[in-house]
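In structure tokens, one chain follows: the form predicted on its own.
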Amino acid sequence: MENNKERFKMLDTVYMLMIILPIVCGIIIKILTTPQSDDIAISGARIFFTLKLPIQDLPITESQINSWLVMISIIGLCLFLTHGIKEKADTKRQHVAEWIVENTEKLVNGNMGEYFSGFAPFIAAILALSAFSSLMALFGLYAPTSDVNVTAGWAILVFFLITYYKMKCGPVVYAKSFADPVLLAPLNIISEIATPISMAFRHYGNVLSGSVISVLLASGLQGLSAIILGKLPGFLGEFPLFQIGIPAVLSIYFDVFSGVLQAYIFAMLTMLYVAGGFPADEYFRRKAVKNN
């Protein structure tokens, strides 16, 4: 019995380390690889190194490394919440896990219908990966969602899912959907192509703009402190008065609220596009004819 308890605690420790250590590693990597500078630097993800490949070289960037760190943390969180799960919830972590599952299923069933109930894990993964990626900025790390290559990859994956469900009744029905009505066929084709582009740039643009505004405001507050207190003697002249508290309050919106909101919007668009493109009536009609 004692051995089981010790093993349980040991696994809990491992899972908690899986949550925390990736963030710590990200901070250490940033400290060791970022050159010291007093100037404001607003740039994209840094390239750490490049892998030589036959067709095209693959650059390993800051956003890719941080994405993997986020995924490791999410896996650790999932393992921690479901560790020791029982048929009847008797721990806070299991209550939290069940709350997440139940609300995700309600969200999916309410927006997509029962046919897509199996989408709940996928939508939960999108929400977690997007939100946690944006929240990396709270630790001074480059948010993967600030890289259009990352959000474009997610959007392309969603676009494949949209196309797959639109073609559930065959390519002929899919092609006819562009000619409904015929006069708007060119616009329908453009709209189809624009779907992943708009999803990628909406998410990327909102997160990146928040990061840029945060940096500019922090710099402006630093300058304001220097202007007002600069003539005071000693350490009073260097005291960053307006940098105390104000950037943290702004970060609640730009990093927390905006990041979580964009994750929710991306997940909602995924559900609406996939469910909206699925020809449900025709699909179930054909299925009923086939069964008879």
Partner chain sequence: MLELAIGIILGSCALGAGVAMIAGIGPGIGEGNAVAKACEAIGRQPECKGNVTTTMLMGCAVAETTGLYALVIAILLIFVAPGRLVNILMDTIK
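Positions refer to the first chain, counted from 1. Note that the structure is a prediction, hence the values are computed from the model and not measured.
One more form of this protein should be noted, the form predicted in complex with the partner chain, which is absent from this view; the next part is about it.
Q: Answer yes if any heavy atom of Met268 is within 4.5 Å of a heavy atom of the partner chain in the predicted complex; otherwise answer no.
A: Yes, Met268 is a contact residue.
Q: Consider Ser67 of the chain shown here, and say whether it contacts the partner chain in the predicted complex, taking contact as heavy atoms within 4.5 Å.
A: Answer no; every heavy atom of Ser67 is more than 4.5 Å from the partner chain in the predicted complex.
(Q) Residue-level contact is defined here as any heavy atom of the residue lying within 4.5 Å of the partner chain in the predicted complex; does Phe122 satisfy this criterion? (A) So Phe122 does not count as contacting the partner chain.
Q.
When the contact criterion is heavy atoms within 4.5 Å, does Val24 count as touching the partner chain in the predicted complex?
A. Outside the cut-off, so no.
Q. Any idea which of 182-190, 95-103, 149-157, 200-208 reaches within 4.5 Å of the partner chain in the predicted complex, heavy atoms considered?
A. This holds for exactly one stretch, 200-208.
Q. If you check Leu224, Leu261, Ile29, Leu250 against the partner chain in the predicted complex, which one has a heavy atom within 4.5 Å?
A. Checking each option against the partner chain in the predicted complex, the one that comes within 4.5 Å is Leu261.
Q: Pull the contact list for 68-91: residues with a heavy atom within 4.5 Å of the partner chain in the predicted complex, in sequence order.
A: Nothing in the stretch sits within 4.5 Å of the partner.
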